[in-house]
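Heads up, the chain below is alone and in the form predicted alone; it's given as structure tokens.
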Amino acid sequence: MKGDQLLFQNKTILITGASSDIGLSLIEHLSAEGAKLILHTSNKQSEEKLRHLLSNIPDIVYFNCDFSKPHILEDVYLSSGLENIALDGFVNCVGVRSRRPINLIKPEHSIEVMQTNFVSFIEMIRIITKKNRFNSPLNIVTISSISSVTGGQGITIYSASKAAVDAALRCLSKELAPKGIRINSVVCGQINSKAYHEMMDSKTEQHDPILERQFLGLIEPEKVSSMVMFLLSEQSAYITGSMIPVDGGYLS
């Protein structure tokens, strides 16, 4: 940063899943660095809550869409008036968890998780990389999980959906590079988030075996957002098609 110039001054960044812990941390830091924000939520109720929470940040553009329905995404995107807004960055924080043994995994559940976590992400990239909908360079970052690498008991569909995203970005990094587009993922370990504590509260056993291997402890959302901001910036200009771990040592 030179002088008083803000890192994302006049840059337009789209965040999907904006009401997540990581999304909220990103909003705080990106707005402080001068970014213009487009925020996605899953429904109108979530949008209203987010509007109230972020009432001190001016000029935010909102759109809401259920990511389990990728076939309606483009119509919603365009009807929200976003067609003529050129993006400089896209961060995907959408992710639905799934923990079911194989005897409880029905086709409709698998389809819903894959559509939410994978198909809609691919559809968003198709939508925003059309002509005149982005500025070059465009930087895309998605939030992945250690589950995409290690798997785990009972998380077959969730793990598969995250692994699908990571496999796809390797291909897309090559396809989109000639257009001046980079794409990377941040592979997260256990995050100190509302979702994590709700999961732990629902267990009869309060011990979390993942933290034995994640020896640096629970990861604060701010640490993930710092990595995302690095990948959105020109400081990472030669990084694409990569899965960057912020895993507390889990994958070491």
Partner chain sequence: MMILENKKILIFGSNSAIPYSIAEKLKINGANIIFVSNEYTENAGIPQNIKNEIIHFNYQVIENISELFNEHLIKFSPFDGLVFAGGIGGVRPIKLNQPNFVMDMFSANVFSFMEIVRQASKKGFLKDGSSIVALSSVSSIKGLKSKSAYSASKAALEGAVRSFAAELAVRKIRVNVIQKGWVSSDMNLDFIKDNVQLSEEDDFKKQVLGAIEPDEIADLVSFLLGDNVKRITGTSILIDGGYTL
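Only a predicted model underlies this, so the values are computations on that prediction, with no experimental measurement involved. Residue numbers count along the first chain shown, from 1.
Missing here is the form predicted in complex with its partner chain; even so, the following discussion is about that form.
Looking at 125, 82, 138, 96, which is the one with a non-hydrogen atom within 4.5 Å of its partner chain in the predicted bound form?
If I apply the 4.5 Å criterion carefully, the residue I get is 125.
Heavy atoms within 4.5 Å of its partner chain in the predicted bound form: does residue 118 have any?
Residue-level check for residue 118: yes, a contact with its partner chain.
Does residue 70 make contact with its partner chain in the predicted bound form, using a 4.5 Å heavy atom cut-off?
Output for residue 70 is yes: heavy atoms within 4.5 Å of its partner chain.
Answer with yes or no whether residue 87 is in contact with its partner chain in the predicted bound form, where contact means some heavy atom within 4.5 Å.
Close contact is absent here: in the predicted bound form, residue 87 is far from its partner chain, nothing within 4.5 Å, heavy atoms only.
Would you please decide whether residue 180 lies within 4.5 angstroms of its partner chain in the predicted bound form, comparing each non-hydrogen atom pair?
Contact check for residue 180: no, nothing within 4.5 Å of its partner chain in the predicted bound form.
Could you list the residues in 144-162 that come within 4.5 Å of its partner chain in the predicted bound form, counting only heavy atoms and keeping sequence order?
148, 149, 150, 151, 152, 153, 154, 155, 156, 157, 159, 160, in sequence order.
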